[in-house]
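Only one chain is included here, represented as C-alpha cells and corresponding to the form predicted on its own.
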Amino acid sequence: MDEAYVLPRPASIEDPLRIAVLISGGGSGLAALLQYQESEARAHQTVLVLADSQDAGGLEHGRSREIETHGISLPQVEDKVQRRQSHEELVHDALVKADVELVVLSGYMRILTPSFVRRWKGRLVNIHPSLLPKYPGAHAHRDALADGATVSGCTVHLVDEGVDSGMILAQSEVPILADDTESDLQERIKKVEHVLYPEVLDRLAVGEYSA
C-alpha cells in the first residue's frame, strides 16, 4: 500500500523552509530559483545542492553562493540494485545531515526508488515538461510533437512511487508551433518552468496545499 503524503511544516520569512535542490546537469532551474530567493525574502531557503555527478556544471551555482554543495556519484558497486540503493542512502544521509525539510528535483535525471520516495513523500517535489498526465517519462517533448499536440507546458507535482504520477500542484501551458523541434519546445517550456516552480514553492512553503 502506498504511503500517504506528509507535507512540510508551514514556514515563514522569519523561519524559512530548508530546501535541498537535486540536479544532474547545468542547473538552469536551480539558478532561476536561487535568483528568485535572492530577489526578496522568501519562506524557503536553499541550504543544500546535490548532483548525481561531481562533474555537473550546475554545482557551481551553489558553490558560488557558498551553499553546501556536493556531487554524489554512484558508488563503485557491481550489483546495479545495490549500487542504486547505496547511492540513495548517501543522498538521504546528506539531506538529513543538512536538516533539509523539502527536496526539490530540478532536472534530476535519476528515477528514485519507492523506498526513497516513501521516506520523503510529501516533502519531495518535481517539475515535469508536459501537462501531466499527458507525456510522462523522459521524452515528453518528443512524445508531444509525435502526437501532433498544439499545446504542452509544465507540471509541478509531488513525487509518489510511480513515474510522474504524483499529486499535481500547478501547471502552465505553452503553445506548440508548427515548425517546432524538440529543442525549440524544450527552451520555450524551460522559460515557463523557471517562473512557475519558485511560485509553487512559495505556496507549498507556507502551507497553501493540502494532501
Ligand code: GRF
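Computed from a predicted model, the values in this text were never measured in an experiment. Numbers for residues come from their place in the sequence shown, where the first is 1.
If you look for the form predicted in complex with this ligand, you will not find it shown, but the lines that follow are about it.
Among heavy atoms of Arg123, none comes within 4.5 Å of this ligand in the model of the complex. The closest heavy atom approach of Gly25 to this ligand in the model of the complex falls within 4.5 Å. Contact check for Val103: every heavy atom lies farther than 4.5 Å from this ligand in the model of the complex. Taking non-hydrogen atoms only, Lys190 approaches this ligand to within 4.5 angstroms in the model of the complex. Remark: of stretches 175-183, 66-74, 47-55, 28-36, the one touching this ligand in the model of the complex is 28-36 (heavy atom within 4.5 Å).
For the stretch 117-156, the set of residues having any non-hydrogen atom within 4.5 angstroms of this ligand in the model of the complex comprises Ile127, His128, Pro129, in sequence order.
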